[in-house]
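Only one chain is shown below, in structure tokens, and it's the form predicted on its own.
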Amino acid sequence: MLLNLAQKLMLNIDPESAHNITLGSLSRSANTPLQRLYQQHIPNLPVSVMGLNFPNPVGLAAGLDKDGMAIDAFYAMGFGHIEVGTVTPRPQAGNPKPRLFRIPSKHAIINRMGFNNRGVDHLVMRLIRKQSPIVVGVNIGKNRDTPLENGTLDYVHCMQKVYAHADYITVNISSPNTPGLRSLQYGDLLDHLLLTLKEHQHQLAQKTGRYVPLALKIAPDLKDAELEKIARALLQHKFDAVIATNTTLAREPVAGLKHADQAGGLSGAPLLKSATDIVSALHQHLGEEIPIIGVGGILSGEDALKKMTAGAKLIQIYSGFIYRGPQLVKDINTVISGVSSGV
């Protein structure tokens, strides 16, 4: 009851202020008696993906906890994994405010945050301090002022910094809020990036004696031919997973509504079909060779099942979590558990 009241209050104040207040509260309450306010028992639904063991298939998508402030709190909520970031080599403020907008009638969010984060060194400190055993992925990107032709160097820098502390690493080339970033999804730029990161992954695995999987996060706005080329590149360079998808630039599902004309990426319920279609198309190209993590538009257990039926091995939530809170984690796992047991 108290948690539901707090969630309703947060949905009635400025979105970014609500975000910061919530993360701060979760950070301070984790590993204290106060975490009982949101702690949940989740059915044990173990799944193995990328050589990693997840207690259940529901994860928190990157972007919500960019600096790893509340990892242990999300573990208490029952998430099977959390993806922190996007993190960049140097701290950056992101785009000017306001830059986060809700469209409640569609359970949607538009953001143009712009990789605001405290930098990779700060994130590493947070990863070292976490107390829970939750699987943590680190989503890496490039600084806004790094020229596109030097972007690979930023990804390598972040990868080297977080390698010892991450369970897997996600390469984000699909945010619409860093100018030119999505260009890395195509042609020679993509091949160079994937090849370079796989080479450094091999070197770091030999040096540390530990293999940390690499995932690629892509956009939902790709044409079929573009998606096929990305799939071929993933297979060629033996990437460990692909995350589908990031936010969309499309506005048709929210046209005419307040904030619909704001620049940035649209997430939430309107993204469900297009993101799930990408999962399905990727699965046709990749089969079982490269696992898919499905993200976009999940607000119920039935939505999550659509992703998994389309071919996703894991799913992640963000906007759905904002609108529905920790209960969504339990609901999804309950539905999946029922299907798994034939109920």
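These numbers were taken from a predicted model, which means no experiment stands behind them. So that there is no doubt, residue numbering starts at 1 and follows the sequence shown.
In what follows, reference is made to the form predicted in complex with a small molecule, a form of this protein that is not presented.
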| query | finding |
| --- | --- |
| Heavy atom of Y318 within 4.5 Å of the small molecule in the model of the complex | yes |
| 4.5 Å heavy atom contact, G85 to the small molecule in the model of the complex | yes |
| Non-hydrogen atom contact I109 with the small molecule in the model of the complex at 4.5 angstroms | yes |
| Contact of G63 with the small molecule in the model of the complex (heavy atom, 4.5 Å) | yes |
| Three-residue site L100, K217 and T245 fully in contact with the small molecule in the model of the complex at 4.5 Å by heavy atom | yes |
| Listed residue (M113, I134, V124, L222) with a non-hydrogen atom within 4.5 angstroms of the small molecule in the model of the complex | M113 |
| Residue (of L271, A73, I230, A166) lying close to the small molecule in the model of the complex, criterion heavy atoms within 4.5 Å | L271 |
| Answer range among 279-287, 310-318, 28-36, 42-50 for contact with the small molecule, defined in the model of the complex as heavy atoms within 4.5 Å | 310-318 |
